[in-house]
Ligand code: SAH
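Only one chain comes next, encoded as structure tokens, the form predicted alone.
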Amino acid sequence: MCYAIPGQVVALDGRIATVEYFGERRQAYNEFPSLKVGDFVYAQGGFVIKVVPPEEAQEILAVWKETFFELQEVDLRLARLEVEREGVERRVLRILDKALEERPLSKKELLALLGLQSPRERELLYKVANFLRRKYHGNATCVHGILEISNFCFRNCAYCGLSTHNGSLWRYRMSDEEVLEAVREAVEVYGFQALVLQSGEDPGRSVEELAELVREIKRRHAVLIFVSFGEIGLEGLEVLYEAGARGILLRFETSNAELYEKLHPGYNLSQRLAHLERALELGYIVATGGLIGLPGQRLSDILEDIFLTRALSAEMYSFGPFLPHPATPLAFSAPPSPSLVLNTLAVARLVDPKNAKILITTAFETLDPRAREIGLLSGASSLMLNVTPLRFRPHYALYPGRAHEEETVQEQIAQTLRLLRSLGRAPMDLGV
């Protein structure tokens, strides 16, 4: 199992289980009535998702034990704040020292960090963010799979390649059998413990049909399911939760209501936020965030996006660069610089150091091939691998030249494990 390390239950308090991993303890919500102290479990996103036979758990832990502590040493070395401060303005040093002391930063101070241009100053910002990531999250890195089950979408978003603007796109909708086989392979062959089911807002599958698909997956596999189907209605959220979905990936994209309506003619930000707020009420793990570099966007908008993500109690922060598709109205708008994306990830870590699992998006990997490495060294702590069958993957055309479009799942796994080991990270999710 590459994508989770089993832990042992050391305490139970109602439906909250305390799980220990090599001396580290985390809490997870338990939905298994028969769970008892001493059991070994897999936990993802703060949920116990599977009870593991003791023999299997001990075998996996024996393999990981020595490696785990070796990885911790590498991560600790890379997270040290040994960086040359010469050439960094005193004002920036004061702000970053204040961040290290975990005193609240003002909006003015955070905006100054978002707008840093000096390579030396940006390097120090990233070091501080990585230090705080290490302090609160250890060397754990969430590695989830994403399965894109349909590219049909009836929305007219001004930049997205799945939108109604893209009349030349070959549309597909995986059958239930194809989805179930892809899930089986991801879980049983490759060891994924958490999967995101994603599509456009597809009118060809009802919420009830999606719920039955989730139910069937849960009947067959112990896996944490995130849903990412856009705005499916507040009642639809409840239906999917009852079916067994426990996470939702739904970006609000921008906290600027006027800008949101320009990007999504006929829709408004309040509808999107109502979905996220209702998901949180129902108990979903919320993954959300914004787009970086939108036409007309200001640094203050990006900062408000980070604040909104925190206010929504998001467990996962998903911030990626704006990459317009050539078949959309915003085709000729320029993407942001990689440094602005890194600045955003690092500032997000400073704003929510204890709770945020910050994702390296595929869009960032498309913008910069080194995105995973530089992002993980700048405060990020989460990755997603694409487990969509290769025959469908090129047609999920959000933007051109998407990273990992032609790579097998095995190739993605091998690359990811090499990178994580080089950075001293362990591919696991220690929960909340």
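The first residue of the sequence shown is number 1, and the count goes up from there. Only a predicted model underlies this, so the values are computations on that prediction, with no experimental measurement involved.
The following text describes the form predicted in complex with S-adenosyl-L-homocysteine, which does not appear among the structures shown.
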Open item on the list: If we define contact as a non-hydrogen atom of the residue within 4.5 angstroms of the partner, is Lys127 a contact of S-adenosyl-L-homocysteine in the model of the complex?
Closed with: no
Open item on the list: How about Leu398 - does it come within 4.5 Å of S-adenosyl-L-homocysteine in the model of the complex, if we only consider non-hydrogen atoms?
Closed with: yes
Open item on the list: I'd like to check something about Gly138: if you look in the model of the complex, is any of its heavy atoms closer than or equal to 4.5 Å to a heavy atom of S-adenosyl-L-homocysteine?
Closed with: no
Task: Touches S-adenosyl-L-homocysteine in the model of the complex: Gly200 (any heavy atom, 4.5 Å) - done: yes
Task: Among 153-161, 170-178, 338-346, 308-316, the region lying within 4.5 Å of S-adenosyl-L-homocysteine in the model of the complex by heavy atom distance - done: 153-161
Open item on the list: For the three residues Gly230, Leu250 and Phe322, which mark the spot I'm curious about, does each lie within 4.5 Å of S-adenosyl-L-homocysteine in the model of the complex through at least one heavy atom?
Closed with: yes
Open item on the list: Just to confirm, with a 4.5 Å cut-off on non-hydrogen atoms, which of Ala363, Leu377, Ala57, Val48 contacts S-adenosyl-L-homocysteine in the model of the complex?
Closed with: Ala363
Open item on the list: Counting any non-hydrogen atom inside 4.5 Å, which residue from Ala186, Leu96, Ala279, Leu291 sits next to S-adenosyl-L-homocysteine in the model of the complex?
Closed with: Leu291
